[in-house]
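Structure 1 and structure 2 below are the same protein chain in two forms, each given by itself as structure tokens.
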Structure 1
């Protein structure tokens, strides 16, 4: 494009006009923007969810914009009147932040064909949870001969210098801290026992990874042999031939609801709804449950199978029994204080 005075002026005027009248800006002019997570999530959504949505909606234009939950919130927050994203994907902590900052719309439950089929824990009126992430113990079966059964196994002397954890920047790290606090008599409002347990874990700690992704590579390097870890992340490593196994601890595997939301003021509200509907259909959920994605289904009409049935749960009843859901509303209230405390206390 040649930049002359006229085109400059047009651009300036357009920019000014969109600022002055946000409602009129590019209504329907852009494709549906779906902010998913990076990595395996992006792959799964690109391969399964997007084609299903396009098939059901006359090839409607859709763009995937993979980024972290917190970045999605920042991006929408910066342009509330004319958000650059239509559908957001969130872990439980950020989901509450997004709702609290008034960035998402209530889900039109009465219009939805699949909402009522979701298991009760997944029915969130501000944005349903079509996916679960499950956190349990991950270990290297070549180095750890007896599979661990409890979070408490991480403190065993035989794992001196071989345990990995992540810091509290991630949902994984924060959720796990709450769980070990619970194991020692604490709760979402009292994580002191958790921090005390971390202090005792120090001799065993080989690494505090900056994020769950970095934790996964440490298994590949043999830097760590056991850690709290995400079921899906482990499946990807396994598929690449890394010796690593997942086990749900007897205290219960932590389940994070991954909720999906319509962004407030989205110009593509209707399509956003359709995308979320597609994510809840038994067909999409079944495909995502199978290899290589192994995402735990939340639609109760989907029969569990394969690796998920073997390692996690055979059906939704067992799933509810084995999974632990945490109160992220309470967690969020104190999370910054915990992060600060972790920064100060955990030096290895």
Structure 2
């Protein structure tokens, strides 16, 4: 038997779980595994959500496993009967895929204390949406003296070799492709104008990041000056002193829900439910709304304030009026083909 650091860590955590839950069989007694996203999401959940969950649940064992949604789905699909993940976090497109492939359970709404407090748009019976994300333009104000106002600014000659984007495995990358396609006459079902625009963008591209977290790192390393980006992702960079700002483009920033799901056949179903309950509490949502995380809340009992109210919207009603919501059911129909095309054609 080969023992490595990962197997030793897993063993230690499993023993801890057995101690915490003496009624569990050994097969069941592994820690709750929460697949969050990389970067700012991982940091926010590690600092706020996980401690709140553990405090409310006798210091229950939990492991964060950060990865993209597509990787979460692949991992669960590979072991449906004994999934290695208990809780998945998804943007709208992957959430539809996870539900369509029967990988998640209906949320037990009837026993939830907080589901009814979510705004109507966040009440998803297959997995509520405790968070809202907003995608616009991010830039380094020390290098970009005139703040950008449009997606089209990324093509300006002055940004030659200074633009960053993500690949299409991320919701950020795919959602942005759809918006630049729309800017040039396309739609959720026709992104050819978007791919033509990407071809024209190549002289300006400094990097194609693997995910939003890696994109944020490029700002930190000074390798890019401007990119499409998540509002909340840059807040942690700002808190670290990285010069970066966010602006909503005149075409409208992209807004999408982030849902959280109990994986079907999870051996930790009850703890998974309790983690999701913790994510919906006013206390956790208020903390995540404040610096450095600035994640848009969906609990109607949380009043928007601070930077979110100043930059994005003073409440969810204004948010829904100002921002672009995409049709992810249509996007999903062709997304795999778009990812293959992007990987084949967009190389720098």
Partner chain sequence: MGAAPASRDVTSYGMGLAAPLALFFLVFFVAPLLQLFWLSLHNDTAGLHWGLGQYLHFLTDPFSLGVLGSTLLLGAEVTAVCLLLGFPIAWLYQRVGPKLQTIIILIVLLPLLTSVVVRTFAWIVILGRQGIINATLQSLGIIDTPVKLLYTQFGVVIALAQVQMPLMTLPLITALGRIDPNLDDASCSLGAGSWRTFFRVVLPLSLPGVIAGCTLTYAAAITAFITQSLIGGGQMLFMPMYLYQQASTLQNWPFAAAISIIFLLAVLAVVSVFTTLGRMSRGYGGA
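Numbering follows the first chain given and starts at 1. This is a predicted model, so every value here is computed, not measured.
Colleague: Looking for the form predicted together with the partner chain among these two structures; is it 1 or 2?
Modeller: The form predicted together with the partner chain is shown as structure 1.
Colleague: From 255, 166, 234, 276, grab the one where the chain hinges as the two rigid parts shift between structure 1 and structure 2.
Modeller: Residue at the hinge, from the list: 255.
Colleague: Once the larger rigid part is superposed on C-alpha atoms, how many degrees is the smaller one rotated between structure 1 and structure 2?
Modeller: The computed domain rotation is 21 degrees.
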